[in-house]
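Presented below, as structure tokens, is a lone chain in the form predicted alone.
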Amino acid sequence: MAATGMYNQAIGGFQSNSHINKINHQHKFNNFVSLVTKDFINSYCLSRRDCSVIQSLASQTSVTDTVSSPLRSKTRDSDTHKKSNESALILIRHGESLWNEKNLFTGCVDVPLSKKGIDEAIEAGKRISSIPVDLIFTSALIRAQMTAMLAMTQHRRKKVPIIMHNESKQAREWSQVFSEDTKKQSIPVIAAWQLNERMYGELQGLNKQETADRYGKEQVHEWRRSYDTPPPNGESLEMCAERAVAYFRDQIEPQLLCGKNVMISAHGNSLRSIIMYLDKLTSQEVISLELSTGIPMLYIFKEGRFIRRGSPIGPTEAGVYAYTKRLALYRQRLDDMFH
């Protein structure tokens, strides 16, 4: 449990939410190519074995070679042109929602951010404003998507997040971008239900305190904090982890392997599941893991390993950027570009 204590200190308080009951079919989201239009995604890996190149909107902002500054010397060292062998992974739990504010079980109910949640998302954006982001994954729920969009308004690179739409042929055609320059200044945003909060079943919409009074604190605590006990007609953390971790391994980790810098905006339980995978936590350790709303966590993916770096302090602090030379170099290029 020592690892748990370190997490709770580093990450902060957690207020539970949830998502979708155990779904027994493999969703069409598993076909990553169908998720994005042909005009849009630039150089994405489709699997661990095959880093195929498909045409893409993805920003070419790798840590090493994409911030173009007119002030930068043309005699820059040639090794900075090389493809990065490390990637940044940013995890953000959405800001406070209107139902968090009312102390209601939210789960998969699609509720927007509160005023406090909006402020938290903007503050999160400030903390990651000098960390490269090439691709954004969010859950299908509006509070996670709002958090990602608001956070990116603070990024110093000023790239525009664009949500990918694959609902129909018409949606794909109507959302095409025809300017190559505009594509280079955009970041694809991919929404996936697998990253949704866990589904709280019959507790959704109920007041948490009233539910504890009705069923007893111990029973509600077991529903909220046990690993494998679901609430009535809901989803356990174990069930949530099955879909969230599978999606991370199949769709997100290959992007990191190809050198893409990824941000995930999701929920307390889907992110706890992913962190369990990244840090090899046990089922007992993960149930005590605390995540604060709106606090980003940074991981470095290098040589097949995930290295947790904690939460960036802010755009003006050396802190997190000193952890790798490549992140420090990226930040320096932003400094040259905008000062």
Partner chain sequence: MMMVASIFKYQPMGLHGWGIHDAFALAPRSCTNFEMFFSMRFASCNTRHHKLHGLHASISHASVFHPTSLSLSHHLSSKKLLSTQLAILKITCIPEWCSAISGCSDFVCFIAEAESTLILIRHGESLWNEKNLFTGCCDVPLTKRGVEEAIEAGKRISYIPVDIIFTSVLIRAQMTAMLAMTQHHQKKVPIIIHNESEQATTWTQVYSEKTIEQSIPVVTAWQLNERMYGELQGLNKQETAERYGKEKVHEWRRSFDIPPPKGESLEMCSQRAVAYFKDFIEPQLKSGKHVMIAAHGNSLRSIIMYLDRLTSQEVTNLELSTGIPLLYIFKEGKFISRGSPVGPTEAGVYAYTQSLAVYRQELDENV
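The shown structure was predicted, so the numbers you read here are calculated from the model rather than taken from an experiment. Residue numbers count along the first chain shown, from 1.
There is also a form predicted together with the partner chain; it is not shown, and the following applies to it.
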query: 4.5 Å heavy atom contact, Gln219 and the partner chain in the predicted complex; finding: no
query: Contact test in the predicted complex: Gly201 vs the partner chain, heavy atoms, 4.5 Å; finding: yes
query: 4.5 Å heavy atom contact, Arg225 and the partner chain in the predicted complex; finding: no
query: Contact of Tyr247 with the partner chain in the predicted complex (heavy atom, 4.5 Å); finding: no
query: Heavy atom contact within 4.5 Å of the partner chain in the predicted complex, the stretch among 105-113, 250-258, 264-272, 85-93; finding: 105-113
query: Site check Gln145, Ser179 and Gly205: each within 4.5 Å of the partner chain in the predicted complex by heavy atom; finding: yes
query: Residues in 163-179 with any heavy atom within 4.5 Å of the partner chain in the predicted complex; finding: Ile163, His165, Gln170, Trp174, Ser175, Gln176, Val177, Phe178, Ser179
